[in-house]
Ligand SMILES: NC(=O)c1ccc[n+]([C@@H]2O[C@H](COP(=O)([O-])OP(=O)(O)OC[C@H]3O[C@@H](n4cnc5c(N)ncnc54)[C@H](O)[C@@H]3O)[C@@H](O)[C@H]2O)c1
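One chain follows as structure tokens, the form predicted alone.
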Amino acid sequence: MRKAFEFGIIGCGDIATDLARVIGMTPGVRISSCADPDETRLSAFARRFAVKAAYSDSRELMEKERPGALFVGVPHHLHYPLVMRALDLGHNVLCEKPLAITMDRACELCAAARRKNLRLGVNYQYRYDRNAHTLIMMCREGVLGAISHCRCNMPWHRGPDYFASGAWRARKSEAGGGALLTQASHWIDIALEAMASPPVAAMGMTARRRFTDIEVEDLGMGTVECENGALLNVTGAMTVTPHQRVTIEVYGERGSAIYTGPDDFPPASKLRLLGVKKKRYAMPFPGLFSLQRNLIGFSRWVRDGTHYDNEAERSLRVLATVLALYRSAESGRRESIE
């Protein structure tokens, strides 16, 4: 029997807990080690998920343990130093999004992974949501015809506990951004894949409507221009009551597609087609839902070189788009996407 693929977990907070729950129900994958500077959180995580090797210092884990890959789920500003250190020590890495909070640093990490022949992925797991995958494939194959525009709307709610439980999320220097980067980038990623044309420019606006004592936006809106002239309208909000599901609407010359994102666990999404018939596509990897498929896909990419959609370089386009929206919000001008 093949040995289970092992993950070492760096950061034992909410994201890592969600990941660990999924790993626990995924055959052939397990957690072999974990690290967190908060001793209480570390102990609770290790006990809950039966992890024997627990470290209060991530450097010690990286130096002593040799899992198949590390998962880095820490505040955004720590992604760059921890991922770079992991790569320097020869570890494959799956990083929670965003890869970094600046393009220069994200590109440095990609270059380091290439140079060392290591696998570096970013956890944009919704590419492996069944209906998001169908939407992307239908657009790539031209089923909707030439796409004129797309609307991506994330009408989410966050209460005061969101920032109280992680004060770093409110600080621009640590989070890099708010609703657009921290949450909506998942859906911008899907929308850009469906547009099937590289983004070239953006106009954006941001606001603090509910949370006025934070440095990042709780509401961000903008328009992204693609190379072929198609337009993508984006709204990312954590100000909506009640919390509602994400929608991505794609409009083509032959028909339209309306994707409704998941909101439960196990999550269930929807895809409605107008004017065209829905096609069926086999999922690249097995699994009940997107995060599980993403974990299986990443582990197979590391072990066998199987094609994997979430390699780090493919996430750069999303980061560049969000950062251009931020620059535009500050300058009041149309900004190029670099």
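Note that this is a predicted model, so its numbers are computed, not measured. For every residue, the number given is its place in the sequence shown, counted from 1.
Keep in mind that the form predicted in complex with the named molecule is missing from the display, and what follows is about it.
- Of the candidate stretches 273 to 281, 46 to 54, 31 to 39, 306 to 314, only 31 to 39 has residues whose heavy atoms lie within 4.5 Å of the named molecule in the model of the complex.
- Heavy atoms of no residue among G177, T235 and T321 are located within 4.5 Å of the named molecule in the model of the complex.
- For T182, a non-hydrogen atom is located within 4.5 Å of the named molecule in the model of the complex, even though that partner is not displayed.
- Contact check for R169: a non-hydrogen atom falls within 4.5 Å of the named molecule in the model of the complex.
- By the criterion of a heavy atom within 4.5 Å, L219 is excluded from the residues contacting the named molecule in the model of the complex.
- The closest heavy atom approach of L78 to the named molecule in the model of the complex falls within 4.5 Å.
- In summary, among the residues P199, G204, G73, G121, the only one with a non-hydrogen atom within 4.5 Å of the named molecule in the model of the complex is G73.
- Heavy atoms closer than or equal to 4.5 Å to the named molecule in the model of the complex belong, across 78 to 108, to the residues L78, H79, L82, E96, K97, ordered by sequence position.
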